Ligand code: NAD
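To begin, one chain is listed below as structure tokens, in the form predicted alone.
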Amino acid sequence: MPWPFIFFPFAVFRFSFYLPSMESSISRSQTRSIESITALFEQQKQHQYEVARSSVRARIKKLKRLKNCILKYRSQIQEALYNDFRKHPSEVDMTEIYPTTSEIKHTCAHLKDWMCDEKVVTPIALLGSTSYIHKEPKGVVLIISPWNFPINLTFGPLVSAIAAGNCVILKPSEHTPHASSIMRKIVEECFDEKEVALVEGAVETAQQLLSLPFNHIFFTGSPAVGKIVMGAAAKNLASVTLELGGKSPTIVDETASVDVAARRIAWGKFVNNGQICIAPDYVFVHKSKMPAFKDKIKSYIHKFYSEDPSQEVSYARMVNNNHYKRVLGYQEDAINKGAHVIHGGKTKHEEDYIEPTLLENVPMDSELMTEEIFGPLLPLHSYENIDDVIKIINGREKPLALYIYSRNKKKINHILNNTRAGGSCINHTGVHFYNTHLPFGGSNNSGIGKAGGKAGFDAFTNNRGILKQNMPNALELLTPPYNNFKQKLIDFTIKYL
């Protein structure tokens, strides 16, 4: 989902690097039976009110325990993600460890304020009463997380769910078994399963979980699966937060710094092998800047990943052969329809390796331009009129992110005011995810609801409106039987109060 902060605020890079064995041991998947999943749900359902009554101090204690355990198993998390798709330890630190520990720190610092009852104004017509909003947990919640950033996108929502006082069942992706194994170890060490439990398994396990009447479901994944999750939730009238994806466009206008744009787009696109839902999916570059932009982005690809990325330890791989073949299929379809590879294109089937690849003349009806790529292929398009670009963007589903590279405030505002997206960065790519004060999420096809920080807490919270009557209310004069005097009072109330 997210990608590393390009100017990472702490010196987390390790200069000593290890290559754990691809054959490192992994414990057998703890796939549960249908009966045990149902029993687990019922156990949490019975325990939910005790968890809901937990104090600010108790919740912060749980979150700090989780943070300490993540740091305790930091090296094992790095090894697990290398074994799942050869992710570099520094990249694990930046995209998995730091976002999670940062979320915990931010939540602990603000949780007391978030949990407080919120006083609201009471209208004159209800004189004699006071009103407030009470923050209560939704109850028993399900978090279904994806494979591309398994630690971050499992534990991030978990932090919000715990902060809000819920019982939680986690269902990580079966495509990253090493990551799931270490997460299960952390969860079992930190929590009693009647409060937080992690359930491993494939599609059948997910279907069983979705059949249960959870109070809220938090799903991160594709729009196609998001529709299935929402349909299942609807059967139990469960609320949902859907963190989806889509094709995030990037615009580099004639006033932009080509060097800055090329550097930040190159890293934002090719980190994690492009398996990021907020990665640039296609780039529009002003015609006057295109030659320089192509030269610069090629230069930065070489700088980041060397002349031969297949030998560079900083470059990850596709998570499995199915996704490798899916992305290659998009490339072949585009080439068959007239696209040209202007950089990269090399592959290694036995490693699920695809080189960072740039393409141009990519037809708008090709799979590369209609499907979310989720891989290291980047189509480049030149433009002259920004309104033509806006028309193309608005003719598609709302993206999860839209990126603008420009030095002209008027042009930036024109793009922002005439497009829609879940979030945006101006002169950067993807780093809005790292600001815990910003809500993160999509709109319509790219998602429903927001996550992170206060928005994440709110996603797992029911705002319970409460009115307390302190003395007789004037509205009590308007009870039946009705008469002319009462009608005059009603008329006065409607007109003036």
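These numbers come from a predicted model, not from an experiment. We number the residues from 1 along the sequence you see.
The same protein also exists as the form predicted in complex with the named molecule; that form is not shown, yet it is the one meant from here on.
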property	result
Ala266, Pro280 and Leu359 all contacting the named molecule in the predicted complex, non-hydrogen atom within 4.5 Å	no
Sole residue of Pro177, Gly139, Gly221, Gly344 within 4.5 Å of the named molecule in the predicted complex, by heavy atom	Gly221
Selected contact from Tyr305, Phe374, Phe284, Tyr82, since only one has a non-hydrogen atom within 4.5 angstroms of the named molecule in the predicted complex	Phe374
Region of this chain that lies against the named molecule in the predicted complex, out of 333-341, 108-116, 286-294, 236-244 [heavy atom, 4.5 Å]	236-244
Contact flag, Leu402 vs the named molecule in the predicted complex, heavy atom cut 4.5 Å	no
Heavy atom of Ala164 within 4.5 Å of the named molecule in the predicted complex	no
Distance check, Leu153 to the named molecule in the predicted complex, heavy atom within 4.5 Å	yes
Touches the named molecule in the predicted complex: Lys171 (any heavy atom, 4.5 Å)	yes
In the predicted complex: members of 201-230 within 4.5 Å of the named molecule, any heavy atom	Ala202, Val203, Ala206, Gln207, Leu210, Phe219, Thr220, Gly221, Ser222, Pro223, Val225, Ile228
